[in-house]
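Starting off, we have a lone chain in the form predicted on its own, written out as structure tokens.
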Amino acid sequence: MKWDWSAVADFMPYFWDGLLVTLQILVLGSLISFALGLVWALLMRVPTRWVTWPVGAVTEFVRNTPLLVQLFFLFYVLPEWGITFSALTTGVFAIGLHYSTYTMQVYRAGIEAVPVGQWEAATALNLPLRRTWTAVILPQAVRRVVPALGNYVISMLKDTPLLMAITVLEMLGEARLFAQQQFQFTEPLTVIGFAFIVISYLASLALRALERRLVH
């Protein structure tokens, strides 16, 4: 086997296109998972089973079924019911929804870790419930769970190649396309392998920096 630098050069336009799509999936999917996970966590604290049971059932179902199955269902089954989205939109929503069921548990742990005295102080000050959550509880809860949320971002990055199954050309999809056209697999697959390592490493550094900033 001989390493071909010209193949690497030829692959770079494909790589940049795939990298852009991968980062789009990662950023938008993370935003959806963070926002929706917080909604799930708050709904699970509503003191009525008419809310907590359906939310619990939905999140358990999503968390315990494979992401690939969810991708296929959203992309291939929903169009039969007249609901159609682009492959990228479907993939972003699916990965965000899937990981929201995990971030929900992270938020739940963060909220439960807020000292009872904080709740009592908010009650003593006669703060409205909305103000209690936005000014007292959530800032402390989120600060505690940033490392765990960051770990899910890295996990989400590693799952982005699954979107290739519904025709999304992220990094692995572009590498596969190039390899099939040029019959050269080693160079493109090696490049994206290193790219995943570098992106994961940079994300972990950013996470540590943010964690230190929140602590101090």
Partner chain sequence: MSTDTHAPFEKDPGSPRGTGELIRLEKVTKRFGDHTVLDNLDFSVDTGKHVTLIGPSGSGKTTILRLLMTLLKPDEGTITVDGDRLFPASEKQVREVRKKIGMVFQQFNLFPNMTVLRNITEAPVTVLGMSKDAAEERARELLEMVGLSEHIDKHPAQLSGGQQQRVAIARALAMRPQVLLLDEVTSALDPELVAGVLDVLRDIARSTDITMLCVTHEMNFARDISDQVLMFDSGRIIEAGPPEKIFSEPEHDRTREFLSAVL
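Note that the structure is predicted; figures quoted are calculated from it, not measured. Numbering follows the first chain given and starts at 1.
Missing here is the form predicted in complex with its partner chain; even so, the following discussion is about that form.
Trainee: Quick one: is P139 in contact with its partner chain in the predicted bound form, heavy atoms, 4.5 Å cut-off?
Mentor: Yes.
Trainee: I'd like to check something about G82: if you look in the predicted bound form, is any of its heavy atoms closer than or equal to 4.5 Å to a heavy atom of its partner chain?
Mentor: Close contact is absent here: in the predicted bound form, G82 is far from its partner chain, nothing within 4.5 Å, heavy atoms only.
Trainee: With the partner left out here, check for me: in the predicted bound form, does some heavy atom of A122 sit within 4.5 Å of its partner chain?
Mentor: Yes, A122 lies within 4.5 Å of its partner chain in the predicted bound form.
Trainee: Can L127 be called a contact residue for its partner chain in the predicted bound form at 4.5 Å between heavy atoms?
Mentor: Within the cut-off, so yes.
Trainee: With the partner absent here, would Q118, R131 and R143 each sit within 4.5 Å of its partner chain in the predicted bound form, counting heavy atoms only?
Mentor: All three within 4.5 Å in the predicted bound form.
Trainee: Please determine, with the chain shown alone, which of 103 to 111, 88 to 96, 71 to 79, 131 to 139 has non-hydrogen atoms within 4.5 Å of its partner chain in the predicted bound form.
Mentor: Going through the listed ranges, the match is 131 to 139.
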